[in-house]
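Take a look at this single chain in structure tokens; it is the form predicted alone.
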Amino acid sequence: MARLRSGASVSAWLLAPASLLLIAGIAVPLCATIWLSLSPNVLVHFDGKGLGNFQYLFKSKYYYGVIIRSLRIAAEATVIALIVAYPVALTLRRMASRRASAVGLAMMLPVLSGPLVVVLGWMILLSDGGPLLAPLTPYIGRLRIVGSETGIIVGIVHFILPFTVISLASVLRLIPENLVEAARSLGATPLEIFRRVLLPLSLPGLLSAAIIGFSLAASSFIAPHYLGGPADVTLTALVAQFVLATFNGEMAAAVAVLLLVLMAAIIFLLSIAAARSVRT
């Protein structure tokens, strides 16, 4: 018992610096943001602390549209990333471990360079007269991608794609190869193997990749700011507008808390679905 108590005390002391860092860097700012979001401001007037800022956001047609647009863009980007990532993850599953690791690292290099570099690259490629669209102009006409929701989705998908691929590939590698061989020996086609073997067994990883992708997509700021237009404001861009344009910290805090709550609720539902898929 004495050894167990001494070991527990040593573990507590070892965890103390990380715990203090989490409290100072996450818990305290979060509590301050929540407290500020409950305060009146120059735009919304009410007495004391309350939910007036959140009521104003939902009652306003413009801000309600921003909320729906942010969730829709995040959901669309996540679905597209999963559709693109699944065949890539299947290919990595068939590769040797060293080669698959090299490919995964190559996919992560643009992300490691920073989201701003990725977005600036797409701004050059997708701009009017850029190297990607200029050769197609005589055939399809002028396309306006930068400054639209399409540009935002392209930038977000590029950023979250490596995370979804790696998450899916790690789960697909855990599926025993003899199950695939057994299905093939019984006459199953590649489509049937995917539908009846690979997809059901990889469903927990698919939902985990969806959680990662959606959280990154919903909290993205660089892509909506640089690739979106004035009519394509998202919640993250709205926070920046309240802080930098109108100097309304209370409304910025309310939008940030609202985004956090919405993300937490959606991630919680996806986590429940992932847990149920594991049990079944």
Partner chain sequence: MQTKGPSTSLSRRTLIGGLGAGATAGLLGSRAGLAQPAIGKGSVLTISTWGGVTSDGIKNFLGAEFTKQTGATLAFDIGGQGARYNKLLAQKGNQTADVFFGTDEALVSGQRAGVLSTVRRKNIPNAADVHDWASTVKGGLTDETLPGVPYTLISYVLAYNPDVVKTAPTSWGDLWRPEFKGKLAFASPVHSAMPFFVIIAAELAGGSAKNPDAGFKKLAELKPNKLTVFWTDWAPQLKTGDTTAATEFDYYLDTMKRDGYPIAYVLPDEGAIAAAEYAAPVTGSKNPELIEAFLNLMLDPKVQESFAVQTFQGPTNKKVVLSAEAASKAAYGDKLKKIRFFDPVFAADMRPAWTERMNTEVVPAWQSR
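Please read all numbers here as calculations on a predicted model, not as lab measurements. Residue numbers count along the first chain shown, from 1. Rigid core (definition): largest C-alpha set, two forms, superposition within 1.5 Å.
We do not show the form predicted in complex with the partner chain, though everything after this point is about it.
The closest heavy atom approach of residue 48 to the partner chain in the predicted bound form falls outside 4.5 Å. In the predicted bound form, the partner chain sits within 4.5 Å of a heavy atom belonging to residue 120. Taking the partner from the other structure, the partner chain in the predicted bound form has a heavy atom within 4.5 Å of a heavy atom of residue 144.
For residue 150, no non-hydrogen atom is located within 4.5 Å of the partner chain in the predicted bound form, even though that partner is not displayed. Residue 249 is among the residues whose C-alpha shifts by 2 Å or more between the shown form and the other one once the rigid core is aligned.
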